[in-house]
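Two versions of one and the same chain are coming, encoded as C-alpha coordinates; call them structure 1 and structure 2.
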Structure 1
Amino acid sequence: MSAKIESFPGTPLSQADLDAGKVLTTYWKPKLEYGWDAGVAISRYLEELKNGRIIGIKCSRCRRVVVPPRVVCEWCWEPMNDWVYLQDTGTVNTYSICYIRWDASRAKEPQFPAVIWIDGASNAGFLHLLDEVDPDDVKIGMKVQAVWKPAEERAGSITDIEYFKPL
(Lines of atoms letter the chains of each structure in order from A and count residues from 1; the text may use other names and numbers.)
(Lines give C-alpha, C1' and ligand atoms only; values in the text may rest on other atoms or scores of the structure.)
Protein backbone atom coordinates (compact mmCIF):
# COMPACT_ATOMS: atom_id res chain seq x y z
CA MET A 1 0.00 0.00 0.00
CA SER A 2 2.80 2.40 0.94
CA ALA A 3 4.30 1.86 -2.51
CA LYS A 4 1.53 4.05 -3.91
CA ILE A 5 2.39 7.00 -1.69
CA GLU A 6 4.89 9.34 -3.28
CA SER A 7 5.58 11.67 -0.39
CA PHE A 8 4.96 11.10 3.30
CA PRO A 9 3.90 13.96 5.55
CA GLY A 10 6.46 15.36 8.02
CA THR A 11 10.12 16.34 7.80
CA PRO A 12 12.46 13.49 6.87
CA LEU A 13 15.73 13.08 8.77
CA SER A 14 18.88 12.10 6.89
CA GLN A 15 22.34 10.90 7.97
CA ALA A 16 23.63 14.31 6.88
CA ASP A 17 21.32 15.99 9.40
CA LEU A 18 22.68 13.74 12.15
CA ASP A 19 26.28 14.43 11.09
CA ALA A 20 25.59 18.16 11.05
CA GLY A 21 24.44 18.04 14.68
CA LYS A 22 20.85 18.96 13.88
CA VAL A 23 19.76 16.18 16.23
CA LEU A 24 21.08 16.72 19.75
CA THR A 25 22.65 13.72 21.41
CA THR A 26 24.64 13.41 24.63
CA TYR A 27 27.38 10.77 24.74
CA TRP A 28 28.82 9.01 27.76
CA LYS A 29 31.48 6.34 27.95
CA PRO A 30 31.10 4.23 31.09
CA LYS A 31 34.10 3.29 33.18
CA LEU A 32 33.29 -0.09 34.62
CA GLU A 33 35.80 -2.46 36.19
CA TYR A 34 35.11 -5.56 38.22
CA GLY A 35 37.36 -8.02 40.04
CA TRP A 36 35.20 -11.06 40.77
CA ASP A 37 36.28 -13.28 43.65
CA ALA A 38 36.37 -16.79 42.19
CA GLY A 39 35.55 -18.42 45.53
CA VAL A 40 36.13 -21.92 46.88
CA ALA A 41 35.00 -24.11 43.98
CA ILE A 42 36.12 -22.12 40.97
CA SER A 43 39.48 -21.18 42.53
CA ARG A 44 40.36 -24.88 42.84
CA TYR A 45 39.14 -25.48 39.28
CA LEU A 46 41.30 -22.69 37.88
CA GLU A 47 44.29 -23.78 39.94
CA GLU A 48 44.02 -27.27 38.49
CA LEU A 49 43.75 -25.89 34.95
CA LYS A 50 47.05 -24.18 35.68
CA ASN A 51 48.41 -27.62 36.59
CA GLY A 52 47.12 -28.97 33.28
CA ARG A 53 44.34 -30.98 34.92
CA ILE A 54 40.57 -30.88 34.86
CA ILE A 55 38.88 -31.29 38.21
CA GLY A 56 35.18 -31.85 38.80
CA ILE A 57 33.11 -32.49 41.88
CA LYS A 58 30.73 -35.30 42.82
CA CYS A 59 27.38 -35.08 44.56
CA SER A 60 27.05 -37.70 47.28
CA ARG A 61 23.28 -37.82 46.86
CA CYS A 62 22.58 -37.92 43.10
CA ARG A 63 26.12 -39.11 42.25
CA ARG A 64 26.44 -36.65 39.41
CA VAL A 65 29.99 -35.53 38.64
CA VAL A 66 29.94 -31.94 37.45
CA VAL A 67 32.45 -29.58 35.97
CA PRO A 68 32.98 -26.67 36.51
CA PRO A 69 32.74 -27.58 40.19
CA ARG A 70 30.38 -25.84 42.62
CA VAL A 71 29.83 -25.99 46.37
CA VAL A 72 26.23 -27.18 46.18
CA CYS A 73 24.43 -29.54 43.83
CA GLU A 74 21.74 -27.50 42.10
CA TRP A 75 19.58 -30.58 41.58
CA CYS A 76 19.45 -31.90 45.14
CA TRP A 77 20.76 -29.03 47.33
CA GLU A 78 23.51 -31.24 48.69
CA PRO A 79 26.82 -29.63 49.71
CA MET A 80 29.60 -30.97 47.50
CA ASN A 81 33.25 -31.52 48.34
CA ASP A 82 34.15 -34.87 46.77
CA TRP A 83 36.70 -33.70 44.20
CA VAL A 84 37.33 -35.87 41.14
CA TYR A 85 40.06 -35.56 38.50
CA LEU A 86 38.73 -36.01 34.99
CA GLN A 87 40.14 -36.84 31.57
CA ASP A 88 40.78 -34.00 29.14
CA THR A 89 38.77 -35.79 26.47
CA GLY A 90 35.08 -35.55 25.75
CA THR A 91 32.22 -35.48 23.27
CA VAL A 92 30.72 -32.54 21.40
CA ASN A 93 27.14 -32.05 22.63
CA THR A 94 26.42 -29.10 20.36
CA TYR A 95 28.29 -26.38 18.52
CA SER A 96 27.89 -23.40 16.26
CA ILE A 97 30.15 -21.90 13.64
CA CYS A 98 30.67 -18.16 13.99
CA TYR A 99 31.42 -16.13 10.93
CA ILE A 100 31.00 -12.86 12.81
CA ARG A 101 33.23 -12.00 15.76
CA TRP A 102 32.43 -10.55 19.22
CA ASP A 103 32.97 -7.00 17.85
CA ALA A 104 30.68 -7.71 14.85
CA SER A 105 33.63 -7.76 12.40
CA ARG A 106 33.71 -10.54 9.78
CA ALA A 107 35.86 -13.47 10.86
CA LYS A 108 38.69 -14.46 8.52
CA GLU A 109 38.65 -17.92 10.09
CA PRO A 110 35.38 -19.10 11.61
CA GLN A 111 35.20 -19.84 15.35
CA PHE A 112 33.66 -23.06 16.68
CA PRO A 113 32.17 -22.57 20.15
CA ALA A 114 31.05 -25.93 21.48
CA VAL A 115 29.64 -27.61 24.55
CA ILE A 116 31.92 -30.52 25.37
CA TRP A 117 30.79 -33.23 27.75
CA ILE A 118 33.96 -34.37 29.48
CA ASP A 119 34.58 -38.11 29.85
CA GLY A 120 33.80 -39.17 33.39
CA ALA A 121 31.48 -36.22 34.08
CA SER A 122 27.70 -36.58 34.14
CA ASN A 123 26.58 -34.63 31.07
CA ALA A 124 28.81 -31.73 32.07
CA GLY A 125 32.03 -30.20 30.93
CA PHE A 126 33.11 -27.12 29.04
CA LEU A 127 31.83 -24.33 26.96
CA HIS A 128 34.99 -23.93 24.91
CA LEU A 129 36.27 -23.58 21.35
CA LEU A 130 37.08 -26.26 18.80
CA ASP A 131 39.97 -25.91 16.35
CA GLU A 132 42.07 -27.95 13.92
CA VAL A 133 38.80 -28.86 12.22
CA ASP A 134 36.99 -27.86 9.00
CA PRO A 135 33.44 -26.55 9.15
CA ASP A 136 32.34 -29.55 7.06
CA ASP A 137 33.87 -32.03 9.49
CA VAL A 138 32.47 -30.77 12.81
CA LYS A 139 29.84 -33.16 14.07
CA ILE A 140 27.67 -33.49 17.11
CA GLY A 141 28.96 -36.53 18.98
CA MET A 142 32.55 -36.21 17.77
CA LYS A 143 35.30 -37.09 20.23
CA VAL A 144 37.66 -34.25 21.13
CA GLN A 145 40.67 -33.59 23.37
CA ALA A 146 41.97 -30.45 25.10
CA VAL A 147 44.97 -28.65 23.62
CA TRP A 148 46.79 -27.04 26.55
CA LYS A 149 48.95 -23.97 26.63
CA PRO A 150 52.58 -24.72 27.60
CA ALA A 151 52.88 -25.01 31.39
CA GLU A 152 54.86 -21.79 31.75
CA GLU A 153 52.14 -19.81 29.96
CA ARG A 154 49.22 -21.14 32.01
CA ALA A 155 47.72 -18.59 34.37
CA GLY A 156 44.83 -20.33 36.12
CA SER A 157 42.27 -19.34 33.52
CA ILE A 158 39.77 -21.02 31.23
CA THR A 159 42.11 -20.04 28.37
CA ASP A 160 44.82 -22.33 29.81
CA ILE A 161 43.11 -24.77 27.46
CA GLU A 162 43.58 -23.16 24.06
CA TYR A 163 40.89 -25.23 22.37
CA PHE A 164 39.66 -28.79 21.85
CA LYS A 165 40.67 -30.74 18.76
CA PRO A 166 39.19 -33.84 17.14
CA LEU A 167 40.56 -37.10 18.49
Structure 2
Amino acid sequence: MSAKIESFPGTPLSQADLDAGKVLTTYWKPKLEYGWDAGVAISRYLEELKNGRIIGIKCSRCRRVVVPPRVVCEWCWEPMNDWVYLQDTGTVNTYSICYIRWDASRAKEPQFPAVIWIDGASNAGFLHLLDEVDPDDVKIGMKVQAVWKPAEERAGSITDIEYFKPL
Protein backbone atom coordinates (compact mmCIF):
# COMPACT_ATOMS: atom_id res chain seq x y z
CA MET A 1 0.00 0.00 0.00
CA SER A 2 1.56 3.29 -1.02
CA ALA A 3 0.84 6.51 0.78
CA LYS A 4 0.54 9.81 -0.98
CA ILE A 5 2.45 12.81 0.34
CA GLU A 6 -0.84 14.64 0.92
CA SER A 7 -1.96 11.99 3.41
CA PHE A 8 0.82 12.74 5.91
CA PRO A 9 0.03 15.24 8.65
CA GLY A 10 2.05 18.45 8.95
CA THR A 11 2.66 21.65 7.05
CA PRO A 12 4.74 21.41 3.92
CA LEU A 13 7.53 23.95 3.41
CA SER A 14 7.78 25.95 0.24
CA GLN A 15 10.67 27.88 -1.22
CA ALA A 16 8.51 31.00 -1.08
CA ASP A 17 8.08 30.57 2.71
CA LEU A 18 11.84 30.15 3.11
CA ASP A 19 12.59 33.18 0.92
CA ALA A 20 10.06 35.32 2.83
CA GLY A 21 11.62 34.41 6.19
CA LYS A 22 8.45 32.67 7.44
CA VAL A 23 10.50 29.65 8.49
CA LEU A 24 13.19 29.86 11.14
CA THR A 25 16.46 28.53 9.72
CA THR A 26 19.98 28.41 10.99
CA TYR A 27 23.00 28.53 8.76
CA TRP A 28 26.10 27.04 10.32
CA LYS A 29 29.46 27.12 8.65
CA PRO A 30 31.82 24.81 10.51
CA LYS A 31 35.35 25.94 11.17
CA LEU A 32 37.39 22.95 10.10
CA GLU A 33 41.00 23.42 11.00
CA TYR A 34 43.30 20.48 11.36
CA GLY A 35 46.95 19.60 11.39
CA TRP A 36 48.56 17.02 9.17
CA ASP A 37 52.03 15.57 9.43
CA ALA A 38 53.54 14.26 6.22
CA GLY A 39 56.06 12.13 8.09
CA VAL A 40 59.84 12.09 7.90
CA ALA A 41 60.32 10.91 4.31
CA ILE A 42 57.58 12.90 2.56
CA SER A 43 58.33 16.05 4.59
CA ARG A 44 61.92 16.00 3.36
CA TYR A 45 60.77 15.21 -0.19
CA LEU A 46 58.38 18.20 -0.19
CA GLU A 47 61.02 20.51 1.26
CA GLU A 48 63.46 19.48 -1.48
CA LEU A 49 60.79 20.11 -4.14
CA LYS A 50 60.41 23.61 -2.70
CA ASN A 51 64.16 24.01 -3.23
CA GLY A 52 63.90 22.80 -6.83
CA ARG A 53 65.35 19.32 -6.26
CA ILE A 54 63.97 15.80 -6.49
CA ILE A 55 65.17 13.50 -3.75
CA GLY A 56 64.73 9.76 -3.39
CA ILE A 57 65.87 7.24 -0.83
CA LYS A 58 67.97 4.10 -1.29
CA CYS A 59 67.45 0.73 0.37
CA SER A 60 70.71 -0.51 1.85
CA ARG A 61 69.65 -4.13 1.35
CA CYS A 62 68.12 -4.41 -2.14
CA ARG A 63 69.76 -1.18 -3.41
CA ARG A 64 66.55 0.22 -4.94
CA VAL A 65 66.19 4.00 -5.11
CA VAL A 66 62.57 5.07 -4.69
CA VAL A 67 60.77 8.33 -5.27
CA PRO A 68 58.72 9.55 -3.52
CA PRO A 69 60.81 8.35 -0.59
CA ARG A 70 59.54 6.19 2.24
CA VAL A 71 61.09 5.01 5.50
CA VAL A 72 60.74 1.26 4.90
CA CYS A 73 61.41 -0.70 1.72
CA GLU A 74 58.21 -2.46 0.72
CA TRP A 75 60.19 -5.24 -1.00
CA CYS A 76 62.53 -6.35 1.78
CA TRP A 77 61.21 -4.43 4.84
CA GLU A 78 64.58 -2.84 5.47
CA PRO A 79 64.57 0.66 7.03
CA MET A 80 65.56 3.25 4.41
CA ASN A 81 67.74 6.23 5.31
CA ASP A 82 70.24 6.76 2.47
CA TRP A 83 69.01 9.94 0.75
CA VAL A 84 69.83 10.35 -2.95
CA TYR A 85 69.44 13.49 -5.06
CA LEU A 86 67.99 12.64 -8.45
CA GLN A 87 67.97 14.39 -11.79
CA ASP A 88 64.85 16.31 -12.77
CA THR A 89 64.71 14.25 -15.95
CA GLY A 90 62.92 11.04 -16.70
CA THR A 91 61.12 8.82 -19.16
CA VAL A 92 57.43 8.65 -20.01
CA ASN A 93 56.22 5.22 -18.89
CA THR A 94 52.59 5.73 -19.86
CA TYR A 95 50.37 8.69 -20.76
CA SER A 96 46.91 9.76 -21.82
CA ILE A 97 45.62 12.46 -24.13
CA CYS A 98 42.86 14.08 -22.12
CA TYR A 99 40.24 16.66 -23.09
CA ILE A 100 38.68 16.73 -19.61
CA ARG A 101 40.21 18.93 -16.90
CA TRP A 102 40.59 17.94 -13.24
CA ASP A 103 37.25 19.65 -12.47
CA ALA A 104 35.44 17.55 -15.13
CA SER A 105 35.04 20.52 -17.50
CA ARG A 106 35.89 20.13 -21.16
CA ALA A 107 39.19 21.45 -22.49
CA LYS A 108 39.72 22.73 -26.03
CA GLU A 109 43.42 21.92 -25.89
CA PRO A 110 44.48 18.47 -24.69
CA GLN A 111 46.34 17.81 -21.48
CA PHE A 112 48.83 14.96 -21.19
CA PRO A 113 48.86 13.24 -17.79
CA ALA A 114 51.81 10.84 -17.72
CA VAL A 115 53.66 8.52 -15.38
CA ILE A 116 57.26 9.70 -15.35
CA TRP A 117 60.08 7.35 -14.34
CA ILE A 118 62.65 9.67 -12.78
CA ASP A 119 66.23 9.07 -13.93
CA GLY A 120 68.22 7.32 -11.22
CA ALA A 121 65.15 5.90 -9.47
CA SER A 122 64.27 2.19 -9.49
CA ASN A 123 60.50 2.51 -9.23
CA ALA A 124 57.83 3.99 -11.48
CA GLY A 125 58.15 7.59 -10.29
CA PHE A 126 55.02 9.71 -10.26
CA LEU A 127 52.07 11.03 -12.19
CA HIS A 128 52.44 14.51 -13.64
CA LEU A 129 51.61 16.57 -16.74
CA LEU A 130 53.49 16.89 -20.01
CA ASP A 131 53.49 20.19 -21.90
CA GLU A 132 55.32 21.95 -24.72
CA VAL A 133 54.64 18.92 -26.88
CA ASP A 134 52.50 18.19 -29.91
CA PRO A 135 49.96 15.38 -29.37
CA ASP A 136 51.45 13.45 -32.31
CA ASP A 137 54.92 13.55 -30.71
CA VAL A 138 54.00 12.14 -27.27
CA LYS A 139 55.17 8.56 -26.88
CA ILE A 140 56.13 5.97 -24.32
CA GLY A 141 59.88 6.11 -23.80
CA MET A 142 60.09 9.85 -24.52
CA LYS A 143 62.77 11.61 -22.45
CA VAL A 144 61.47 14.59 -20.49
CA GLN A 145 62.69 17.25 -18.07
CA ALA A 146 60.90 19.08 -15.26
CA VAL A 147 59.85 22.70 -15.73
CA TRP A 148 59.90 24.29 -12.27
CA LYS A 149 57.86 27.19 -10.97
CA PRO A 150 59.94 30.25 -10.08
CA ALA A 151 61.57 29.77 -6.64
CA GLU A 152 59.45 32.47 -5.01
CA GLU A 153 56.24 30.67 -6.07
CA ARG A 154 57.14 27.22 -4.76
CA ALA A 155 55.25 25.88 -1.78
CA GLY A 156 56.69 22.42 -1.08
CA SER A 157 54.32 20.47 -3.31
CA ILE A 158 54.53 18.25 -6.37
CA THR A 159 52.97 21.21 -8.20
CA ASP A 160 56.27 23.06 -7.71
CA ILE A 161 57.06 21.20 -10.92
CA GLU A 162 54.69 22.86 -13.39
CA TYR A 163 55.05 20.09 -15.97
CA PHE A 164 57.58 17.98 -17.84
CA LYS A 165 58.69 18.88 -21.37
CA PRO A 166 60.45 16.79 -24.00
CA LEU A 167 64.25 16.84 -24.02
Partner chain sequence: MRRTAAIVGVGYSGFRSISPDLSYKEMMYEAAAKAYEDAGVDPQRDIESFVSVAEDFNEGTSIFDEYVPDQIGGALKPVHTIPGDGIHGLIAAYMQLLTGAMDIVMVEAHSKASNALTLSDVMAYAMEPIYNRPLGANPHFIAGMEMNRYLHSTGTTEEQCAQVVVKNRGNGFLNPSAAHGARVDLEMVLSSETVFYPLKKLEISSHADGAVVMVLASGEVAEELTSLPIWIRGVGWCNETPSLETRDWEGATYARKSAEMAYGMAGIRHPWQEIDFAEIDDTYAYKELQHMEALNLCRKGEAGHLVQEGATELDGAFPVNPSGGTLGVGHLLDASGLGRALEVVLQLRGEAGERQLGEVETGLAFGWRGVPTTSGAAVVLSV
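Residue indices: 1-based, along structure 1. C-alpha atoms forming the largest set that superposes within 1.5 Å between two forms make up the rigid core. It should be emphasised that the depicted structure is a prediction, and the values quoted were computed from it without experimental measurement.
Form assignment for the chain places structure 1 as the one matching the criterion, namely the form predicted in complex with the partner chain. After superposition on the rigid core, the Cα of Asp19 moves by 2 Å or more between structures 1 and 2. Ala104 is among the residues whose C-alpha shifts by 2 Å or more between structures 1 and 2 once the rigid core is aligned.
After superposition on the rigid core, the Cα atom of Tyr34 is displaced by 6.5 Å between structures 1 and 2.
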